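Starting off, we have a lone chain in the form predicted alone, written out as structure tokens.
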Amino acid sequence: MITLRDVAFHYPGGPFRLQVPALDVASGEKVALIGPSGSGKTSLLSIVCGLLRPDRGSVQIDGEELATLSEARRRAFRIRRIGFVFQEFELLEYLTVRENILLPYRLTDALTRTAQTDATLAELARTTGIHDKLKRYPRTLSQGEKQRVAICRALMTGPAVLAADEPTGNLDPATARDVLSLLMRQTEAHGATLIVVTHNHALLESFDRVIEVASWSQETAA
């Protein structure tokens, strides 16, 4: 499903370096990325999802080489095949919950909205418990409800990979466990692969594998 080989990345002008000799994530696997702040967890997740282009190396999802795609083709691939749950949710305040969930369909011509799209939205809203909030706006929602909207949006396109950056970072412990359980159930229901950046070690037992990213990062003289 996901294959990285000889990947190297750095931010221009900074001392941070990330080098990943090899990483393989199987289809349907649930993986947690851990490490101290600044160790490169979010950078690695962004490389896997095609949000960042590595300096060198191969990044493949389902056999598609992301590192060599043009920006336009990489964007289209992300929207079709990768669902991303941002740490700060990234919901648009001027859109309703329904409109936020359908946002991917407004961002690209690579997706076409059909009757099945509306059926998928209804089912996701029902299974995540926000079916009665579709006409509301993000400012009226709790943190946990916003996270559920973000998860629905990430799953709308039936992605092969569901990626989440600290999805429980802003939540109390009980809500954090509920959200992680929801992520796990929805990933299994949609046959997706799950990669989660987290600092919450109390949740790690739920994953198939835990990867310590710090072993692949270093700081050098600028």
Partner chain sequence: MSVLTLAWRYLAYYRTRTLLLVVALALTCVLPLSAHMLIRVFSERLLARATATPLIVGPRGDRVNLVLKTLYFRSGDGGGVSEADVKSLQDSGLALAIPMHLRYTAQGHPLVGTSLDYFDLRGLHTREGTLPRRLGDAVLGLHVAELLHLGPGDSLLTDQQSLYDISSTYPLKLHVTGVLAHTGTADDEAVFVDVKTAWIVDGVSHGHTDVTAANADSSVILERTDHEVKTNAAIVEYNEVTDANIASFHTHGEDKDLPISAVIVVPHDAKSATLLKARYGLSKTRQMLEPVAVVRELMDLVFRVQRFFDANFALVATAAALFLGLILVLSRQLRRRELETMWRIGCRPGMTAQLQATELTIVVVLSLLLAGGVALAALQLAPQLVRLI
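Residue numbers count along the first chain shown, from 1. From a predicted model like this one, the values you see are computed outputs, not experimental measurements.
The form predicted together with the partner chain is left out here; the points below concern that form.
The partner chain in the predicted bound form is approached by residue 95, whose closest heavy atom lies within 4.5 angstroms of it.
In the predicted bound form, at least one heavy atom of residue 106 sits within 4.5 Å of a heavy atom of the partner chain.
In the predicted bound form, the partner chain sits within 4.5 Å of a heavy atom of residue 139. Within this chain, residue 99 lines the site of the partner chain in the predicted bound form, having a heavy atom no more than 4.5 Å away. Annotation for 182-211: no interface residues with the partner chain in the predicted bound form [heavy atom within 4.5 Å].
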